[in-house]
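Quick setup: one chain, the form predicted alone, written in structure tokens, and binding and motion questions come after.
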């Protein structure tokens, strides 16, 4: 699996480096990534529960950080979707894009995205899964905003990035909480031994669900997906129908069984979110005139259906959901490519301006019909086989479950009919069609969607071909083998009755489209008064920018004392909270000798005086007094080398200050910052340092490092002065780094002082 991910990364890098040389064959080269994924899937075909291909790379062993891949039957079915749909779409994009559109960077980003998806579904470590999760977010942002000269594309890319990125950060918090409660960051171990329910664990599952909901465009975060249709059609077909939006579904399926075993609310929450998403997406699809937007809202509805099934944790529903996932990847990727071909040749996607494409594009029409029947779940199609399996499982859960899903499925039938008749039927009277001539499609534009359509038809007639991979995937996450069936004809019974009922009502709804329009207008009046996802986003972004401006103006106001105070307060509060939460104790040091007391009082007196003097020269003298008194303490404690070092530093500092003071005013100017807040911050810092010293003194334990240095000083370094040996031999690189820092600081100070001196001399 490391090799497969590496192939994607290397191909993406090659496309970037040699973008001019590979411009004509960009997507053919990019197809090497999905091809490598397909080869891996074929080489590991037939994985069952308990069988998995595992690989591990220790990233930071001291921190138990690793990149761990584990491919079982569940991951394999998603890799099949990524590799299969990806290969077809890459070859389709080779003809869709012309060299004049500069496709190389787009192909590189698509390849990078495919590599992210491969790493995501194969990851067994929560943190590596998050890294690949965010890689898909970033690459999808670049793909959606590919046409960066268009405001719509930029806005859609930002919308998708903000929603999925925020969900990803929430998911990361959930991962950390869950891993700490479970004692492991490996997904396989968490699924095998779910953590006991607690507030932290419950919060973790809430955050993880938020990440999945945002990524898979579930209600109420679904609005970013239709907006993402601003991306070129190959990106829509790959990201927003076959792969990226399946990431959230992958997550709830991978961890859903453990969540159901831990918290009681997971199953009703997932089912409720999925059902509402089905209805909202299906209804919005019926109101669209842009074929691509129609498919986008249809995708939202289908994602809700799969989210409901796979995230429920019920073995039979998980089985049917995975079958629906395969069927959806086949028909929806194909339909997006069909729309891309129509737009490419007819110059429009508006179903009100299309007419007679069934005659001018007969092959494309046949392809669209084949997969549209599957999307509507017409008998003898793969979509029907999967939906029948779902209805069979839903019937066992109760009539309310199956009735709700069947009712939502009515909308799927209706918007499928709207797509077919809108794209290939006669145009609406009174409107001029976009074209009426016979169009000649390139074979390359037809080959990819036709191939996926043929596969969909064949699997529909022979569902046993898909059963092994679906059964292995369901078994990997539920532990139940043969949880469902994929049958060409399920026989008479309640599941078939519910299917026929949804088909009948959906057909009537499509036939009486005028009623749908009236109902849509009525609903639109009500919906206009309610907040929508797109409207909320458009209000949120300006509000966020306004908040950023106000907070920046308050905190970053150009005042150096304000900056220093904020930094110091953060440095005080965070450690203080951590120390107090662990119950730290303060232990007073030994009383000390009279000389130590005298030197300590001198340090305090000089430091306090610094807060009240106004003349710069007096400040330099007092700072020097503090330094010399500290040197005296070093001498009392028996550290002559530190004493000499401190004396030299203080003497040099006083000399440097004396040079600078010649070019500065004699007294400090009054500042706009109030004196009292500065004194409060100074007192807090002093108290923090004092208490921190006492805490550190109480926590001190006998150090074996010091004993080792003492024992090895003469035999290893040939020196009896342990401090010098540590600085020069044992920690020589640290000393070199410190010297480098001092040199850099000196050069910086010289660069700041030189212009001042020059200006003084000129004046």
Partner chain sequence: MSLISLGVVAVLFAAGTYLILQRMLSRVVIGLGLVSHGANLLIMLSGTRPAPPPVIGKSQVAAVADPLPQAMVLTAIVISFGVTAFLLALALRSYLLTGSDAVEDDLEDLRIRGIEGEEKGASA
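Positions refer to the first chain, counted from 1. For the two forms, the rigid core is made up of the largest set of C-alpha atoms that agree within 1.5 Å on superposition. A quick note: this is a predicted structure, and the numbers were derived from the prediction, not measured.
Another form exists, predicted in complex with its partner chain; not displayed. Remarks below refer to it.
Put simply, residue 581 is far from its partner chain in the predicted bound form: not one heavy atom of it is within 4.5 Å.
Although the partner is absent here, residue 574 sits far enough away that none of its heavy atoms falls within 4.5 Å of its partner chain in the predicted bound form.
Although the partner is absent here, residue 726 lies within 4.5 Å of its partner chain in the predicted bound form, judged by heavy atoms. Within 4.5 Å of any heavy atom of its partner chain in the predicted bound form lies no heavy atom of residue 148. Each of 557, 639 and 752 comes within 4.5 Å of its partner chain in the predicted bound form, counting any heavy atom.
A heavy atom within 4.5 Å of its partner chain in the predicted bound form is found for exactly one of 570, 464, 400, 652: 652. This chain appears without its partner; in the predicted bound form, the one residue of 196, 482, 264, 549 with a heavy atom within 4.5 Å of its partner chain is 549.
Stretch-level contact analysis of 369-377, 126-134, 644-652, 497-505 against its partner chain in the predicted bound form, using heavy atoms and a 4.5 Å limit, identifies 644-652. With contact defined as any non-hydrogen atom lying within 4.5 angstroms of its partner chain in the predicted bound form, the contacting residues in 617-637 are 619, 623, 626, 627, 630, 633, 634, 636, 637, given in sequence order. A displacement of 2 angstroms or greater separates the C-alpha positions of residue 717 between this form and the one not shown, with the rigid core held in common. The Cα shift for residue 690 between this form and the one not shown, taken after rigid core superposition, is 2 angstroms or larger.
Once both forms are overlaid on the rigid core, the distance between the two CA positions of residue 727 between this form and the one not shown is 2 angstroms or more.
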